[in-house]
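In structure tokens, one chain follows: the form predicted on its own.
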Amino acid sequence: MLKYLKEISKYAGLIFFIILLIMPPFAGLNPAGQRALAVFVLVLSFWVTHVLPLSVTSLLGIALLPLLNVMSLEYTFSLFGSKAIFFILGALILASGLYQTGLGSRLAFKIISFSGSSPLKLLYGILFTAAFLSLIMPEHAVAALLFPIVLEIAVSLDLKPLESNYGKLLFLTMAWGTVIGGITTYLGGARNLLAVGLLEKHYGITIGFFEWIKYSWPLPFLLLIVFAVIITKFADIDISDTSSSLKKLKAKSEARGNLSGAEKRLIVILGLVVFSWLFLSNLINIAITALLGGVLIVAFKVVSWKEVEEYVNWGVILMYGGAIVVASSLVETGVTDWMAARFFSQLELAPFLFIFLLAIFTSILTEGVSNIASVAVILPLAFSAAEAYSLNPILLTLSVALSGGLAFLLPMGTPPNAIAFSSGYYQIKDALKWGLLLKVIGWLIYILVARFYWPLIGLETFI
């Protein structure tokens, strides 16, 4: 009986899809929006239940949107050309250079040598390295840099994709370390700067770089501690030591001898890319820099294009691209505006409960819609709805931006998750297991920070 119920539940999204298509549009939602919502429900359910491969599900979503007259064919296909897609593509090409030349192996040896033979210390090293780097550069750029190093460690330990619990933990730790660190400063995520820009536009109020850190730091700091405790106490680490990896990586490094010409060229190219990500991102978008870096490593014969083709997980590009197209259809047809307006307008709550539910709504929405889109849609509506409560707009801005960064569940939630998922070492259900716990704990930490810490440093709830 349970087996049949499980099979039926896999197709629940298809049932809701059909229902949404045949029923009249919800009040305030146009017919195109209703159909876009139906496609989103179907695609999201298929992603979670694995009825089809993720990339195939994304292609299904792209095909259904023009077929159901949600958006025109040309516009639907043009949305696949998102800068996030090309950033991930460029980042994976760069990662192939680190992996194929062996430079990633050298870096992996340096990282793993500090952990000795302890699998737990190695996870700590990856977690805190990812979080720290995300303080000074975009979180997806950090994931792009660490990915080939973590992959090298997994390969050297002979960890089997989808089978090894430790293999799953390595990539989830890398992804979530960058996500947690990325909410701390302006440099970690574009949504933070967008939120501050909207605040300045609406109220003429600005939040400085270090002022943002003063407000934000308790959330990522406590989340890192919580995640470290989860790894220590509850995670099933199925290897006893990492000394075999240390020996293999050391032998590889010694066998290669001095840096090869390809490695030296790669170091120069990566140095230029990272420099641009850190200091020139206002002039050159990081996606352009990633693509140019990918072009340069092939042009200067760091790797061949055949090696790139063998390394890059093209299915993840299709999956993430389809996710962006489907999510964009919700924005374009007004579904996100409708959801946010319905959510806010139907509630008559105590002010603090309103703020908390605002954070939850943003955090949930950002798993299916990019966090930048979530902030862009929700924050202006929150400003309007909060006028009745006389809430501090700085507090609202922080609530939306910080909670919008808590994307731990789905690969399409944020580029670090997509990059980690491209490893093939874990499935969505593996991320849901600990990711949902992290998200809930993140909400609880947010409540404590908003209720006790922010008033303590002078950020009052009301204006």
Partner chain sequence: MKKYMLILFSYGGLKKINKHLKKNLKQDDQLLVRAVMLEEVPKLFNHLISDVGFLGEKVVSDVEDSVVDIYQDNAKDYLAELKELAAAMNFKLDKKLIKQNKAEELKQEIKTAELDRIFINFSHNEFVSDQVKEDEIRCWLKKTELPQDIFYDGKKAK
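Rigid core (definition): largest C-alpha set, two forms, superposition within 1.5 Å. Bear in mind that the values here come from a model prediction, so they are computed numbers and not experimental data. Residue numbers count along the first chain shown, from 1.
The form predicted together with its partner chain is left out here; the points below concern that form.
- Comparing 121-129, 146-154, 212-220, 227-235 against its partner chain in the predicted complex, the single stretch with non-hydrogen atoms within 4.5 angstroms of it is 146-154.
- Put simply, G197 is far from its partner chain in the predicted complex: not one heavy atom of it is within 4.5 Å.
- Mapping the unseen interface onto this chain, F87 falls outside it, with no heavy atom inside 4.5 Å of its partner chain in the predicted complex.
- Proximity of G315 to its partner chain in the predicted complex falls within the 4.5 Å heavy atom cutoff.
- Using a 4.5 angstroms threshold between heavy atoms, Y99 counts as touching its partner chain in the predicted complex.
- The single contact residue among A36, L402, I419, V43, judged by any heavy atom lying within 4.5 Å of its partner chain in the predicted complex, is I419.
- Checked against its partner chain in the predicted complex, the candidates F354, F361, Y311, Y186 yield a single residue with a heavy atom inside 4.5 Å, and that residue is Y311.
- Within 4.5 angstroms of its partner chain in the predicted complex, the stretch 45-80 places a non-hydrogen atom from each of H50, P53, L54, S55, taken in sequence order.
- Taking 2 Å as the criterion, E310 counts as shifted between this form and the one not shown: its C-alpha moves by at least this amount when the rigid core is aligned.
- A displacement of 2 angstroms or greater separates the C-alpha positions of L59 between this form and the one not shown, with the rigid core held in common.
- For I88, the Cα coordinates differ by 2 angstroms or more between this form and the one not shown after the core has been superposed.
- In contrast to the form presented, in the predicted complex the C-alpha positions of F46 and L162 spread farther apart by 3 Å or more.
- Between Y99 and L145, the C-alpha separation shrinks by 3 Å or more in the predicted complex, relative to the conformation displayed.
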